[in-house]
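To begin, one chain is listed below as structure tokens, in the form predicted on its own.
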Amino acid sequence: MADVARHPRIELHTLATVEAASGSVGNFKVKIRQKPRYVDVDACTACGDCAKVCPVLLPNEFEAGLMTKRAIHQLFPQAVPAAYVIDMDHCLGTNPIACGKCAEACGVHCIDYDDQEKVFEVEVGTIIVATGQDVMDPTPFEEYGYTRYENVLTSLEFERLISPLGPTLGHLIKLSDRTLPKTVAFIQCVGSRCDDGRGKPYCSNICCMNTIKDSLLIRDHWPDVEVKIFYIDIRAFGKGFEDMYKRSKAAGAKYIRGIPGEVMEDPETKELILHVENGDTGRLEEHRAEMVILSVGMEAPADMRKLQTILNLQKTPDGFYLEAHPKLLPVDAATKGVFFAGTAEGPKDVKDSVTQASAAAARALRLMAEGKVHIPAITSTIDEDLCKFCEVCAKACPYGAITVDRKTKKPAVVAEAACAGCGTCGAECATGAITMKHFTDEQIIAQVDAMLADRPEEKIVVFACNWCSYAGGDFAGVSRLQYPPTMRLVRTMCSGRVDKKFVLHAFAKGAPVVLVSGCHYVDCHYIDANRWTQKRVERLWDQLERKGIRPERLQLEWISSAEGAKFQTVMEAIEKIRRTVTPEEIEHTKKVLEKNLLEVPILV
């Protein structure tokens, strides 16, 4: 961080948050709100004289609440800039001045009680998102006695306790009587791999190795302290991690396969009693320890939702951001020009965070060094004469690439650098003002006509998303999985491109069954475009049923590129439905559509 602050081409804005962002790759405009520090950064020498006279004591968040801080303080020892900051919510030196001691003690007169927050805008070419991660709260796990027993700590509190710069200057002590514990017990997976609603269902990645490291530190510095580790299984998958695990066992750390059901305190000795079923022996055991460390998991920060909305990002069910592709684009966001670093898209240790940060910087540098952006040939275009300023296309665009001004009746405008070519806007446009290059209405209708030109009652029209369901069909093919030959696939970039008139045109031409398929609902390649597919298909089901057409003949399925077997299974199920469709049903459907009773334009 010190190198960052000294770099001549890096602007560092601390105590700042992103309020809004607009534009596209190469031309982002980011609105930043910077909180007042109430201390002149350039003048402050970090001498600490101000903190010595401050009468207000507060819990120190950096020290996990094990120490206190003053209302004027450094955020943490290695903070950049090293200047102090005033917590004005607790400071006594504001209107009317009731204290002012820090200002009197400051020899360089750098304290300014009238400092104000600043809002400013910067123009950038790319954005790297590095949100960090939060530690899970163990208080819902009441059986472990956290906050009830003084000697039950979290792994983060333990890290600060034994830190050379921590509250005890690196000495391992019990909080109850400040003596060295004879036995320290670690309980793994507190909050991680938890399906009962109190924690998170995923593995937090770093907890096992963090505990192994702590066990080695204890055995190295305090060899007389017994270490017990209660675990489900040890996940030591990184380079050198297995050797580290073996070193821990060789150093005397005892590993017990099983998670304690509860932690109780002996009222006389203050020892902590742990009851656990040993998974290796199958026996119920009682263990005693003078200190218990809860190895808590990691979770996404609470404010990630706001940034997700600002930058049009995707999120996975675990709350972290979703990368554009887990293998080919692991640091890219779906929004062009936005990249991920560190724990923004999942829990990581320091090594993996640094690796991903380097990759994100390289991806951003490659874009910016070229000085131009290559736009795909499948972007959308607007016919201004047909645009009715309804703003539906702007709402449907997952990337915010379309702007419409209804008040001034300014037609929609597509920012081609931001458009990813999903085509959802074209499917939602009621006036036909939007054309998606290379996937025009006429081209798709022509494919349907060609498919159903001969014996249409034996054909099933499948609209398949390029990235998932179409790729899933390809995977089924190369895997030699057999599925009915009645399928006829129409490739679209996204299921969001499937206009209702495509479906109805296929029915009008005699198709017995139509399938719309795309990415899984929470894993859309185009952020959330398939949500518009879901709404569109649900409306069509209602319309078909009202006109006496069996809704079952229109199917919607989510198939990923790796699910070749599911593609086969779905196609076999669709074929069974096709066999139930009678010639009379097909003729009835044609008559309904010929009379245009569904009030949907049909291309002929």
Partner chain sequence: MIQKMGDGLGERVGVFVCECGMNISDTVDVEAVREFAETLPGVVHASVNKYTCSEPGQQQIKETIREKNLDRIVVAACTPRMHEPTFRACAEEAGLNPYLVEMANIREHCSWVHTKEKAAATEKAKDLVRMAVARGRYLEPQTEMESPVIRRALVVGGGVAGIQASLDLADSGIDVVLVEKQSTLGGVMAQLDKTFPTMDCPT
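Residue numbers count along the first chain shown, from 1. Please read all numbers here as calculations on a predicted model, not as lab measurements. Superpose the two forms; the largest set of C-alphas matching within 1.5 Å is the rigid core.
Keep in mind that the form predicted in complex with its partner chain is missing from the display, and what follows is about it.
Query raised in the report: Any chance 25, 307 and 451 all have a heavy atom within 4.5 Å of its partner chain in the model of the complex?
Result: All of them do, each having a heavy atom within 4.5 Å of the partner.
Practice prompt. Specify the contacting stretch among 188-196, 250-258, 72-80, 171-179, defined as having any heavy atom within 4.5 Å of its partner chain in the model of the complex.
Written response: Comparing against its partner chain in the model of the complex, the contact stretch is 72-80.
* Classify residue 484 as contacting or not contacting its partner chain in the model of the complex by the rule of any non-hydrogen atom within 4.5 angstroms, answering yes or no. => Answer yes; at least one heavy atom of residue 484 falls within 4.5 Å of its partner chain in the model of the complex.
Using the partner position in the model of the complex, report whether residue 241 sits within 4.5 Å of its partner chain, counting heavy atoms only. Yes - in the model of the complex, heavy atoms of residue 241 and its partner chain come within 4.5 Å of each other.
Within a 4.5 Å heavy atom cut-off, is residue 11 in contact with its partner chain in the model of the complex?
So residue 11 counts as contacting its partner chain.
Contact between residue 474 and its partner chain in the model of the complex at 4.5 Å, heavy atoms?
It does: once its partner chain is placed as it appears in the model of the complex, residue 474 has a heavy atom within 4.5 Å of it.
Practice prompt. Using heavy atoms only and a 4.5 Å cut-off, determine which of 100, 411, 201, 432 is in contact with its partner chain in the model of the complex.
Written response: Result of the distance check: 432.
Given that its partner chain is left out here, which of 439, 399, 231, 146 has a heavy atom within 4.5 Å of it in the model of the complex?
Contact check passes for 439.
* Asked: Using a 4.5 Å cut-off on heavy atoms, what residues in 160-188 are near its partner chain in the model of the complex?
  -> Contacts from 160-188: 160, 162, 163, 164.
Practice prompt. Take the rigid core as the frame of reference and indicate whether the C-alpha of residue 174 shifts by 2 Å or more between this form and the one not shown.
Written response: No, shifts by less than 2 Å.
- residue 74 C-alpha shift between this form and the one not shown of 2 Å or more, rigid core reference: Where the cores coincide, residue 74 shows only a C-alpha shift between this form and the one not shown that is less than 2 Å.
- Message: So that I can tell if residue 375 moves, could you say whether its C-alpha shifts by at least 2 Å between this form and the one not shown after the core superposition?
- Response: Yes; residue 375 is a residue whose C-alpha shifts (by 2 Å or more) between this form and the one not shown when the cores are overlaid.
Quiz item: Did residue 526 and residue 203 drift closer or farther in the model of the complex, going by a CA distance change of 3 angstroms or more?
Solution: It is farther: in the model of the complex, the C-alpha atoms of residue 526 and residue 203 lie at least 3 Å more apart than they do here.
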